[in-house]
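Quick setup: one chain, the form predicted alone, written in structure tokens, and binding and motion questions come after.
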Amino acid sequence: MAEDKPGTEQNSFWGPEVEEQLRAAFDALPNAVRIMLFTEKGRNDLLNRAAQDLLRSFSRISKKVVLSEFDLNSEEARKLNVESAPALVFEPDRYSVKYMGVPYGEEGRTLVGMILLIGFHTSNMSEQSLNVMKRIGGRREIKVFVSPTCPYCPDEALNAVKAAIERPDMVSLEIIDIQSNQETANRYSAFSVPQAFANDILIARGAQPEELFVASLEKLEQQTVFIPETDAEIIETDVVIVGGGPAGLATGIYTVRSGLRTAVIERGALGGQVATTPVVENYPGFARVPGKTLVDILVSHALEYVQIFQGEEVVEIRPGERIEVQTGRRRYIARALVLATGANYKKLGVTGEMNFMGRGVSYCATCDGPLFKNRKVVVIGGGNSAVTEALHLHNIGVQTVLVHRRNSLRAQEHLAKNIFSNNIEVLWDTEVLEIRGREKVAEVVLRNNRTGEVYPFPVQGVFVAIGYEPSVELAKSVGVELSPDGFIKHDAHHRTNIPGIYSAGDVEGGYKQIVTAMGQGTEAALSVFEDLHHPYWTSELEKPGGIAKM
């Protein structure tokens, strides 16, 4: 065994500002966190070295992070049932928590979160989640599959960490990096991330709010709705914004700057589609910038102004003079509501698509692409999203074929040129009729629309990038009028047909551009400010036979 001691070696992982923030957070922990790192010489040397460098950098930052290193053939590995390397084991005398792989990239957030939770010996769960955890009466062996490129994975992984900390008598956890453990991922058919299993039963595909995760853990099946067992905390505010993408965050910044108390509610990852966009080109001020980097900048800015409630799903909206918004955790009472719910990935709607979702069918190349390195996949679509996904997959070593139902691409010219300059194969005038396989995708059935030929095409992955459809379920539930093409109908001030309810961003239709969504959010914020001081619906109703109109 070798103990890694703090020393004077230059830390190459962190800039001075980040390192100082980590040091302050770790030094404040009431308990030291012991991390056992297992590596194996002569196998996965690159990954083992990366794990050593990363964990040693953490132990140099603070004495509260205590690192011990072992060989995979050691007695300690046998005692703890560690069978592959690199692997991390946290506080084995207290918890059963392992990380199989290297927690770098997005998974660095998971590692920091684990250290903080374990250092405080507390799960920091909500009251509703704690009530569910108390009811678990049998062993739960959790496996969460993650990827360093997935911005959603840390949320789901930390849900599982919280469960293991709260009930160490019943819950064990392995967080499994699919890039480092492809054989295990194949065995569980975990071809999209995050995915969570308990007792080898799939309980979650995609990130969940904390309460839904623990409900799924208790029932050993995926839950889609969580009904609080106790009255949630009531938050009274001026404005509630549903959606934490560019439009929602911009709205929040400008409502607060206008002097309005504001809450942003986001059920998933902040940033919306931008968080999973490999590269954003020509956002003003940036010729090229990773989508996640742009999101981090935007979220950091928004947090200076607005209170954000992430991981909460809105289950009901009750319009009125005071608008009530109920989530799985609490109730909000506001004077105005902005729906910035964005849009979801469109589905192909072909046989096999839903059956193989997460087992070869994906809608996010950033999240799932690394698992398909040196494998053959098809990207379906011909717009900017499809071309960007195809280029990203090609650049990380995936054998990529673009399938487009027309004879020319709809993508911007410079993106289309990159497809040809990178010699990415394109199947023109071609549609996917079916996705086939057994445990995972093995082939697609294609039809050439020009010749009528139908034929099987062997692939191991299908990435769907055919556009988006608006998330209007909440809008419809309260009677917000929609346009003929299914988007929220609104006037020039982003007002809907219901007084006090506004819209912004992709859910309104129009140009699907980040700057457009943020501009719409800003406009909506200014409209809310003006209307709360001079309600337009009051003046409309005061007219003879007046009805509040758009």
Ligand code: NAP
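All residue numbers refer to positions in the sequence shown, first residue = 1. These numbers were taken from a predicted model, which means no experiment stands behind them.
A second form of this protein, the form predicted in complex with the named molecule, is not displayed here; the remarks below concern that form.
Residues placing heavy atoms within 4.5 Å of the named molecule in the predicted bound form fall in a single listed stretch, namely 409-417, out of 103-111, 409-417, 361-369, 264-272. Using a 4.5 angstroms threshold between heavy atoms, S180 stays clear of the named molecule in the predicted bound form.
At least one heavy atom of K512 is located within 4.5 Å of the named molecule in the predicted bound form. The named molecule is not shown here, and in the predicted bound form it never comes within 4.5 Å of any heavy atom of K143. Of the heavy atoms in Y468, some are within 4.5 Å of the named molecule in the predicted bound form.
With respect to the named molecule in the predicted bound form, the three residues I380, N384 and H404 uniformly fall within 4.5 angstroms at the level of their nearest heavy atom. This chain lacks the partner; the member of T388, S192, T149, T327 within 4.5 angstroms of the named molecule in the predicted bound form by a non-hydrogen atom is T388. Contact with the named molecule in the predicted bound form, defined as a heavy atom within 4.5 Å, holds for exactly one of N282, T122, N395, N131, namely N282.
Contacts between stretch 320-349 and the named molecule, counted in the predicted bound form as any heavy atom lying within 4.5 Å, involve K346, L348, listed in sequence order.
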